[in-house]
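One chain is shown next in structure tokens, namely the form predicted on its own.
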């Protein structure tokens, strides 16, 4: 499951107790344990036996493995200090997961922390113990920095490969069918949505790659196993972001013991954000979902005006749904002493496509700019026969926006959606570069400037809205049918 009103209420009440009652020395451990349990509690139930327990466990131990792989290798004494300190965290981890599996023996109505009945606890313990020992041994292995960087690149490729498998329908169906065969189920009924719905993997993958790349470039701070796991699976932002940075997150964790538990402003602001997010998501977005763009609604549209209403409804539903979840995550984070980054800043009121992407899913935009656009364009600038600056920017924008599109799902429609926005960003960049002097003079004319800005908002909004057609619909035939109906043909 994702956030629902019951879970939001539990997290909110827990945040009040955490802020007002919990001793300072328990705060970091509380966030760690709460995040660990939430990985299982938020995971949707799956039809393949035990898969809704196995996938959260894989999430946790992949994060542990990444932490081991990113340990500093230049100071053995420091590494051994970290290793001994984190052995306790590893032990707690194994005991908690095994303890969750032991709820298998409770009555079904008491099994509230897992999506379905957990697997046998003894089997889980026997599986986790050698994995933990192997990870610890890898942590003590001697390896020089060049080999570590190569190993980190290999891990990044594995994460990307898993991501591609899960996001490509044919691969995901094949994996689902294979898993069904291994568990004695009918492979012909394979369905990734019901068999492989891996909670938060898209966001976890981005955080893991961020950590791996920062170790490769020497920017990763020293992080304990407990803090690393809390960052990777922090429960308010696990399902829908925002994508935080570990160095910023670690600052908040370090400040937790000194946090004023009875700070009324933080509690009021956090609670207000939660209420606003609930209203956005469960009132506005869910109401708009009734008549927003979908295959079924598109088939029922009888004129162009009706189709535009469906498209506008989809655009605002998407915004209120996503920004609502973000408000809830930020509000809950504030109650627990963590200030998650903002993710939206009135994106539909921006007067250019560049400004839109600086205000829509801000943490994702920052991530791809930092880890894709900037490294790619810097690499091309170092070529002996480097392309023109316009070509470099164009290639960088295409690569960046295509990756954002395919991150949502590897399909032709998401690819075109990425290219659509890359084209808009490139045209705006070329226009801005070539009209800068004219625009500086134009800014002196306040009346005309206001009209120009409103025209920019109108054009940008409709450019984005037209792009949502590719985002919302699963195949090209449906997309072209809807585009025709928007133009008044095809009814």
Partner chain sequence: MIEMDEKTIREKIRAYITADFIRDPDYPLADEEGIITGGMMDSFALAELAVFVENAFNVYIPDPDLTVAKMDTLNQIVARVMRDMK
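Residue numbers count along the first chain shown, from 1. In this text the structure is predicted, and so the values were computed from the model without any measurement.
Although not depicted, the form predicted together with its partner chain is the subject of the following passage.
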Check your understanding: Quick one: of 371, 312, 201, 322, which gets a non-hydrogen atom within 4.5 angstroms of its partner chain in the predicted bound form?
Key -> 371
Point to revise | Contact residue in the predicted bound form, from 217, 123, 191, 182 (heavy atom within 4.5 Å of its partner chain) | key: 217
Exercise for review: Heavy atoms, 4.5 Å, its partner chain in the predicted bound form: which of 451-459, 61-69, 428-436, 24-32 makes the cut? Say which one.
Suggested key: 428-436
Exercise for review: Indicate whether residue 99 is a 4.5 Å heavy atom neighbour of its partner chain in the predicted bound form.
Suggested key: no
Check your understanding: Is the gap between residue 389 and its partner chain in the predicted bound form 4.5 Å or less for some heavy atom pair?
Key -> yes
Check your understanding: Is the gap between residue 161 and its partner chain in the predicted bound form 4.5 Å or less for some heavy atom pair?
Key -> no
Practice item. Answer with yes or no whether residue 397 is in contact with its partner chain in the predicted bound form, where contact means some heavy atom within 4.5 Å. Key: yes
Review point. What residues, if any, in 236-257 have a non-hydrogen atom within 4.5 angstroms of its partner chain in the predicted bound form?
Key: 245
